[in-house]
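Quick heads-up: it's one chain on its own, the form predicted alone, in structure tokens.
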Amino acid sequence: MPDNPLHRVLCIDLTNQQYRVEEKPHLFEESVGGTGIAIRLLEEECPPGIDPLRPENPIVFAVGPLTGLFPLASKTVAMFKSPLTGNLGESHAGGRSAVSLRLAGYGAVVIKGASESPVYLSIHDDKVYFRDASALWGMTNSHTIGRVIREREPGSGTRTIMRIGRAGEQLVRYASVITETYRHFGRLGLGAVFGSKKLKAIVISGNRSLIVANPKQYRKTYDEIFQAAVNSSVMQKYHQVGTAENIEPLNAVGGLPTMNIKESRFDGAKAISGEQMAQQYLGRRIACAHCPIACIHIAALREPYEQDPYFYKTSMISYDYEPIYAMGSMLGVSDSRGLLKLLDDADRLGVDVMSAGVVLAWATEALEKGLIKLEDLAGAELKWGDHQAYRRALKMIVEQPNDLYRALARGVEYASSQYGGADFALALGGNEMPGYHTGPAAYAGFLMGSRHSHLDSAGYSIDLKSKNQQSASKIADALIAEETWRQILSSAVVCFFARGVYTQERIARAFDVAGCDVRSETLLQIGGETLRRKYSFKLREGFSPKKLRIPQRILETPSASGIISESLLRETVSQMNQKLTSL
């Protein structure tokens, strides 16, 4: 086969507005792509101990050998040093970003330095343009930014447009990067890293063809994966109702975080359930590039104009389980229209909705307990269920008019260190918690996972199957085994929703026809090495399992597995550390 464009790394220097392309076949051959190549590039490019908001902090984007060739291999991996946690930042996004990057002829992009004035990058095949973004800087609506760039740039239909909102400019530590309007690099503050570099957006398009060594075998493997995906009952669930289907089942078993986990069941769950949202608001379903499932559910919210009630505007708002938990049950919001408006605000401002919801929940309880004062909130009198107050506070977190909002913009871990209330500050490893109060395996995964995310190892699934009956060692083994395999999926890069479709045997055959020389028996070795490197990077940047804070609240409120034992949780963390350091 000819030289593989996947092995090309585009290196961009924002400070000097220069770029170059490096060939790194050995890295891709050893680590496949995606997460595997991203952590190696981060190790090479990120100076130890660097402030995440310094120009030296690199942004790495990477795709994998299945991108553009097989269904559901549709994610781009972003890696950076997180301004929220101070260690590994990793976020994945769908949309068109992965296919656009692959068709432009790159397996990865590394962005370093910082511009003196706002810019956006325009990458079209082998050319990189540094566009003036001064007119876009300060715009409060991320949708408007995308519209302006779409009108200026070529590549309609195949390009990706990644951009930050006002939150990224203001260095909110959990600012997101929005791509294709409805998808995000949401967690761990990539938007703030963009903002620190004065990087408003990135446009990528390309016209390369992807070549396979054996077209006949490629078609056979493709058809097998495609049929497995479209005939899967799990994937059908994602298409019909989406991840929001999880609201009522988790509520039924007592695993739905409610009002800052004062409770684990929400009386208003049905009103914001996936089924109810689909019945009342579903406007369309859309899919990431090269995905036959279309799991992205978009609500059509129709509202009259204030000045003329006889004329209406329709807002199209994406919703999933995690956003509904974060701005719904976590804040006691059962008004579905108010919930959608909160989600829309978060999207327009460019904040990670999960972190924002946990921060607002902590602030509500801190106000109740007298740790913060009403005047500190500048008129946003936070009360459970009051979506209007939460909307006002969300905007002020971005604008940061006073010390309290500046603290909230740095995350709940920092805010509680300044105002108290650490016992109910729901951050794990520095990252605000996901929406699963299911038991010790979930929380051990949040504490120790490379992204402190439910997507690291699906600990909630272990909890619901075992009902708190497993030992610390068995929980640790299960979590690490799952996370090890997920390094292969995220190196491919395959959507985790398709993990039941992409079995070890199928992914090995897909690699073979894609020209990736990886044998089935070596997959777990590669996954283990990638996980080891990620954990080593975290330790290098100051992560310490012994210093992990466990919020008292998660030990007090019964979970889906009952009361969580702190000793079991700490022993599981200790076991995971021992096993990860010996990989």
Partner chain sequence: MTKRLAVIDSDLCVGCQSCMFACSRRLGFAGLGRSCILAKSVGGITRGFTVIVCRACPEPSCAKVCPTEALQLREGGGVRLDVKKCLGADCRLCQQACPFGSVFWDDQNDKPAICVYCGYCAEYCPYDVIAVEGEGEANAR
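Numbering follows the first chain given and starts at 1. No experiment lies behind these values; they were computed from the predicted model shown.
Missing here is the form predicted together with its partner chain; even so, the following discussion is about that form.
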Should Thr140 be counted as a contact of its partner chain in the predicted complex, where contact means heavy atoms within 4.5 Å?
no
Residue contact check: Leu69 to its partner chain in the predicted complex, 4.5 Å heavy atom:
yes
Give a yes/no on whether Asp376 approaches its partner chain to within 4.5 Å in the predicted complex, heavy atoms considered.
no
Taking heavy atoms only, is Ala252 within 4.5 angstroms of its partner chain in the predicted complex?
no
Its partner chain isn't shown here, but in the predicted complex which of Cys291, Leu301, Ala271, Ala389 has a heavy atom within 4.5 Å of it?
Cys291
Position in contact with its partner chain when the complex is considered in the predicted complex, options Tyr405, Tyr182, Phe497, Phe424, heavy atoms within 4.5 Å:
Tyr182
Is every one of His7, Lys75 and Val234 within 4.5 Å of its partner chain in the predicted complex, counting heavy atoms?
no
Of the listed stretches (291-299, 380-388, 114-122, 304-312), which one has a non-hydrogen atom within 4.5 Å of its partner chain in the predicted complex?
291-299
For the heavy atom contacts within 4.5 Å of its partner chain in the predicted complex, list the residues of 194-223 involved, in sequence order.
Asn207, Arg208, Ser209, Leu210, Ile211, Val212, Pro215, Tyr218, Arg219, Tyr222, Asp223
